[in-house]
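Below, in structure tokens: the form predicted on its own, a single chain.
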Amino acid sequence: MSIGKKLTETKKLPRHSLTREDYLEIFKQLFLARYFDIRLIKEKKRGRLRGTLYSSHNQEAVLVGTLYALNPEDWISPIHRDMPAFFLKDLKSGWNNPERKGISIEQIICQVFGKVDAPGRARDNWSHIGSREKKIIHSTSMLAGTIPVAAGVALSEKMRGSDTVVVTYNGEGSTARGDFHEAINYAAVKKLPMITVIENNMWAYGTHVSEVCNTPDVADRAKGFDIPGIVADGQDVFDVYDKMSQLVEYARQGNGPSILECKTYRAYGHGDHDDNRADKYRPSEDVNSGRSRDPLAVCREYLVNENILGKDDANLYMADNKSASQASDEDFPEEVINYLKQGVDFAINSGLPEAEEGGMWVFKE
């Protein structure tokens, strides 16, 4: 019996072991990921930011759901649309806990602002960062290029005898690349504890998924490697959490790698430079359909139906289906607003690196 079938037949899902505090924390993290996106768009319109922003709007459930299923010592390998992952990792250990295995909000906002206190020290404004200490593999612009790196990290952990899991995030377009297949084939043969999360938002820049995959689900590619391939509702954070949790346990038990496809939809263009062009290559009815199930609304409805959250409390903050121009601070919890504010304030007050730093890390010293 496949692991995917086992999950659908399981009466007690991983979410049923969550506490009420866990449920509310997950809901709050969805708001945080959304506000991060909206706040940065507003900051760019104020003229404070340069470079491209890659929005994760409408895809927050993929990041929050998968990351919440991990232990602090597990590795992650984010891509460009996963900027919130750098500070969401191990966030449940305390948002301002300096010991947690995630990069601080101050450092991440400094990265976006191009300041000296950024992990990349102003060499880039986005996600080309990582941390061995925090168990985050540096991202690259070559999508699928970090899957072989993740396999190498997973091999190292297996050789050490640890039960650490390595999670690599990729878009659906990356599954058509050779390094995707080579790395997963290697991970399958060696039974490495690696989970490949596919954020299927239907569009690889301007190329529709139907042009890169000839199967109904991208997860079907797992069949060629004889490993589990599961499809999750990428708009439902708890469905993502349930399926990710089972794959994490599968990997920890030494069974090898798997693929988790999260079906979602890219709200805007590939980056903010592509927003106007995206309106031309994506039919408006497809966009409206893809954005019709906002992850915040889906999560809120579940919490109310399960009596975890009262309707009055659930409707206090309504950021659902609102763009950056439509949303205001009143649509978000105060804790979320203050957390981003401390990051933005820190970045504004952070300096620029000295010009002499320009040659650092280019050649071996």
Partner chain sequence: MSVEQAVKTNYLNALKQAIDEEMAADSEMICIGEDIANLGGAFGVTEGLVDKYGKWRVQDMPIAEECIVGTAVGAALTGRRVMAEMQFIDFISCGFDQIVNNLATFHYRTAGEVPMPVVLRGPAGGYGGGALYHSQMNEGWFCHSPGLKVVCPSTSYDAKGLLKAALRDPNPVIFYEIKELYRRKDLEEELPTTDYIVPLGKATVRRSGEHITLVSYGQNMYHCYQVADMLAKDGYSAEVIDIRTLVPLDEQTIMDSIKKTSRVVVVNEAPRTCGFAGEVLARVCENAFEYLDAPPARCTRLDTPVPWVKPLESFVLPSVEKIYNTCIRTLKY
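Numbering follows the first chain given and starts at 1. Values in this document were obtained by computation on a predicted structure and should not be read as measured data.
What follows is about the form predicted in complex with its partner chain, which we do not show.
Listed residues H138, R277, R252, H208 were compared with its partner chain in the predicted bound form; H138 is the one with a heavy atom within 4.5 Å. Just one of R221, R282, H80, K158 comes within 4.5 Å of its partner chain in the predicted bound form, counting any heavy atom, and that one is K158. Though the partner is left out of this view, E182 does reach within 4.5 Å of its partner chain in the predicted bound form, counting heavy atoms only. H273 falls outside the set of residues with a heavy atom inside 4.5 Å of its partner chain in the predicted bound form. Put simply, R121 is close to its partner chain in the predicted bound form: some heavy atom of it is within 4.5 Å. When contacts are judged by a 4.5 Å heavy atom cut-off, G130 counts as touching its partner chain in the predicted bound form. Look at 227 to 235, 174 to 182, 82 to 90, 242 to 250: in the predicted bound form, residues with non-hydrogen atoms within 4.5 angstroms of its partner chain sit in 174 to 182. Along 212 to 238, not one residue places a heavy atom within 4.5 Å of its partner chain in the predicted bound form.
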